[in-house]
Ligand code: TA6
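Take a look at this single chain in structure tokens; it is the form predicted alone.
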């Protein structure tokens, strides 16, 4: 079984405008709501491919109910812990239609109560079995300290499950210490976790190999629109995405991770894993929603993904 863990999910409010102008009345053309919060998107990808999975984490309030409904509408099975008296955060995504990219404003999210955290631990202890895949993605909310995060990761490791983590800062350092199977940092996160200011691909690869030697099977270094560097003990891949007409780039990295998890769960080779991940992430970029993509389009884009074996 595959479990995705989103400790700080969000309801994405996506606002489309012509152009964002400072000190100007920016009128919206359209507003849509979508799923936010990182690992939720991994579940959306898996469910779209008919791969069994369960999405868990922490929800609260009416926003939480709306996000769960959006997930269930995409055939995602949900098993969340609910915290009373609070509200799942909103994220605001502003998409100017006359330029590429988006602007994102996020709320911190509510503080997690001790009894809620204990319920999360109990749920993971109950659900996860040896050989499962567990994906933690997204920065935890306030009051889930690095120490508490370590407790959650230790549950997965103690179960001999495959741990996949997409997070930054001190939490990423814990994932490295826990010898996660796969980590997916961006450039800034990678520099922070290594404590080094790198500027060349060779320098990135050298540090990624050091992580492989410490027990991280796959380091998937995201370079944004420039693609990615994938490092294992035996291989280093430089991957270049296809050129697409971008509509909304929010969620591309999360859908990319979902594609990788889908392929890993089917025991595909490393080239196929990240060809598909790159292609489905590119498909996401062409869509308006935060969690939208098209599998048939991803398969077409796969033909234009370029891989260099370094």
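Numbering follows the first chain given and starts at 1. Keep in mind it's a predicted model, so treat the numbers as computed, not measured.
Not on display, but discussed next: the form predicted together with 6-O-phosphono-beta-D-tagatofuranose.
Although the partner is absent here, residue 250 is a contact residue: one of its heavy atoms lies within 4.5 angstroms of 6-O-phosphono-beta-D-tagatofuranose in the predicted complex. Under a 4.5 angstroms non-hydrogen atom cutoff, 6-O-phosphono-beta-D-tagatofuranose in the predicted complex lacks residue 227 among its neighbouring residues.
The shortest heavy atom separation between residue 139 and 6-O-phosphono-beta-D-tagatofuranose in the predicted complex is within 4.5 Å. The closest heavy atom approach of residue 153 to 6-O-phosphono-beta-D-tagatofuranose in the predicted complex falls outside 4.5 Å. Heavy atoms within 4.5 Å of 6-O-phosphono-beta-D-tagatofuranose in the predicted complex belong, among the stretches 260-268, 38-46, 237-245, 275-283, to residues of 38-46. None of 191, 173, 74, 89 but one reaches within 4.5 angstroms of 6-O-phosphono-beta-D-tagatofuranose in the predicted complex through a heavy atom, and that residue is 89. None of 104, 223, 124, 205 but one reaches within 4.5 angstroms of 6-O-phosphono-beta-D-tagatofuranose in the predicted complex through a heavy atom, and that residue is 104. Scanning 117-135 for heavy atoms within 4.5 Å of 6-O-phosphono-beta-D-tagatofuranose in the predicted complex gives no residues at all.
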